[in-house]
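One chain comes next, on its own, written as structure tokens: the form predicted alone.
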Amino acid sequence: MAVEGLRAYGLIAVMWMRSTMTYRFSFAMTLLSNLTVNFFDFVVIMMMFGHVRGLGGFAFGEVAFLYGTTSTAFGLADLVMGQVSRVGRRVREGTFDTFLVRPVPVFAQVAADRFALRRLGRLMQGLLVLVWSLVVLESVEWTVLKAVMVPLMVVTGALIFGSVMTAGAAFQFWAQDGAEVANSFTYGGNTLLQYPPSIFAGELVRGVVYVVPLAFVNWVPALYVLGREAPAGLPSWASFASPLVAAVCVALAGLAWRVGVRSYRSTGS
């Protein structure tokens, strides 16, 4: 089933990419615009450090590392899974039925529907900042384990963000206008994780550690790489728990999706 779903996703995504590349100049301008707009998020941080030497005890390179890891992870999840947020609109319009009658896994169709290659700009921007931060970081004593954790952080972070997107899409089977609720956890979570946990209230930090575990996208493993203590009183071994947290999130998101699809009632039109 999983192999069939991946194959269907790939075929649908390629179809939309071919459609997008029909107008290559338009795509290039859209991609450049997307890259530029997202870069201004980091410009704000650069301007901030033009007036201060540190932020919550973190140097510029360390904040750039936090920004780069979460932005790259979110950009990857947004590129691959961002279209699931359209489920509520499909349910309202009654067009979700078209996915149910095709001999293809529903989730693969929803995730790849209108695949937006322009979102590659967000991923590229995050990756550029991440690579740059690795160059300017001076306080990190690199080991093989720390080096491996950087790409692992991006992959597991993308899985966690993708799981939250999927759970938010499942919620829209009951609340068709609930896309903004999901966005508050995905887009809002991405913005939150771009900054050090030390500048936020303890209750908020504990919330993204123990309730909605977005802290495992980058805070928890990134603080280990930077040689700092884990947030919210987590034990030291929790720095390596991101793959386990991602697996649990994927399983729970899959369950929520199946329950949501089974609860769906056709418009009958």
Partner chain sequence: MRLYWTVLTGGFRRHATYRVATAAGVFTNTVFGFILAFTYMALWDERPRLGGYELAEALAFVWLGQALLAASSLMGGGFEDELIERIKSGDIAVDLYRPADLQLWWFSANLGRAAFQLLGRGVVPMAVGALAFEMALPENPLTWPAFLLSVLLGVVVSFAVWYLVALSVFWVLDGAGVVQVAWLSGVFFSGMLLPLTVFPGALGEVARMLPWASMLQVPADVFLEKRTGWGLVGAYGFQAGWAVVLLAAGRALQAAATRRVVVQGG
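Residue numbers count along the first chain shown, from 1. Values in this document were obtained by computation on a predicted structure and should not be read as measured data. Between two forms, the rigid core is defined as the largest C-alpha subset superposing within 1.5 Å.
There is also a form predicted together with its partner chain; it is not shown, and the following applies to it.
Screening 143-151, 76-84, 175-183, 124-132 for residues having heavy atoms within 4.5 Å of its partner chain in the predicted complex returns a single hit, 175-183.
Although the partner is absent here, Pro243 lies well away from its partner chain in the predicted complex, with no heavy atom inside 4.5 Å. In the predicted complex, its partner chain lies farther than 4.5 Å from every heavy atom of Thr98. Although the partner is absent from this view, Thr191 contacts its partner chain in the predicted complex, with a non-hydrogen atom inside 4.5 angstroms. In the predicted complex, Val211 stays away from its partner chain, with no heavy atom inside 4.5 Å. Annotation: in the predicted complex, residues Met47, His51 and Ile199 each come within 4.5 Å of its partner chain through at least one heavy atom. Contact residues in stretch 27-44 (any heavy atom within 4.5 Å of its partner chain, taken in the predicted complex) are Met29, Thr30, Ser33, Asn34, Thr36, Val37, Phe40, Val43, Val44. Residue displacement note: Ser26 has its CA displaced by at least 2 Å between this form and the one not shown (rigid core superposed).
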